[in-house]
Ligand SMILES: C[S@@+](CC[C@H](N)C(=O)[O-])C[C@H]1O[C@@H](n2cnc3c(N)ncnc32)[C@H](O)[C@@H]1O
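Given as structure tokens, the chain that follows is alone and in the form predicted alone.
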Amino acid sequence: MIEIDTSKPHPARMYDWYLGGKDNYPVDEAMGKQMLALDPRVPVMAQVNRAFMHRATRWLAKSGVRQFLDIGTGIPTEPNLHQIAQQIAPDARVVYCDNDPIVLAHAAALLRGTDEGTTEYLQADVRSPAAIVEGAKKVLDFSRPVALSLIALLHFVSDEDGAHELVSRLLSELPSGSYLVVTHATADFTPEESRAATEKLKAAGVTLALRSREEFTRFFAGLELVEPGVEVPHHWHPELGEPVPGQDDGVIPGYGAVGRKP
């Protein structure tokens, strides 16, 4: 039986609540409401991150990428990454990874109707890169390019846990021609609200490591940034998707980018 910790909020379940889902608990909703009190546009930010993932996946699939490793996938919402990729390239292979048991509980629904062996799910933490690579290699061919997707994840990994080193470790396993896809929250635009959010989440046992543009860009050290480089997420190739309602009504305090491994 899967044990789900409902004593403290979990980012995946809070994200689900922001998106209007039902796979969350009172503790997640309560913290979500506290975040909304600080900035009522948090649900828009969640949708903007999701839309960035859709556009980046379309760009990668159209550029010939056929393998995707999505860490911190969260609770399934449609269309998900494999649906976007396989619409363009039916032979695309996708491995999802998350550390929240409730995501595992929904994996069967996520994978229903997919071709066996092309879409799989791992329960693992980004802080365990060796376990992720070992599991992903059962589906993905690491001698061929892989797109490593880390959407709205790394701001929940502290410097003490080695966020930059973890990304470097994962990239070291991938061959030339692979890609890194990241979105990340920042305090650059809303310092006071960001400080209050960090403190509230810390009190609830959730790490929030907001990083500057410079710190975000460090994740792409040694990679070739895809144009337009580091951008606020909804300004990255907007022609590849539909705009999120409300995305231009104020600041979206985050960055997004895609980089290619030479």
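Heads up: residue numbers just count along the shown sequence, starting at 1. Quick caveat: nothing in here was measured; it's all calculated off a predicted structure.
There is another form of this protein, the form predicted together with the ligand, and it is not shown here; the text below is about that form.
In the model of the complex, Tyr15 approaches the ligand with a heavy atom inside 4.5 Å.
Proximity of Ala152 to the ligand in the model of the complex falls within the 4.5 Å heavy atom cutoff.
At the 4.5 Å threshold, heavy atoms of Asp141 stay clear of the ligand in the model of the complex, well away from it. At least one heavy atom of Ala124 is located within 4.5 Å of the ligand in the model of the complex. Taken together, the three residues Thr190, Glu215 and Pro253 lack any non-hydrogen atom within 4.5 angstroms of the ligand in the model of the complex. Shown alone, this chain has one stretch from 84-92, 172-180, 97-105, 133-141 that lies within 4.5 Å of the ligand in the model of the complex by heavy atoms: 97-105. In terms of contact with the ligand in the model of the complex, the residue from His237, Arg50, Arg66, Arg41 that brings a heavy atom within 4.5 Å is Arg50.
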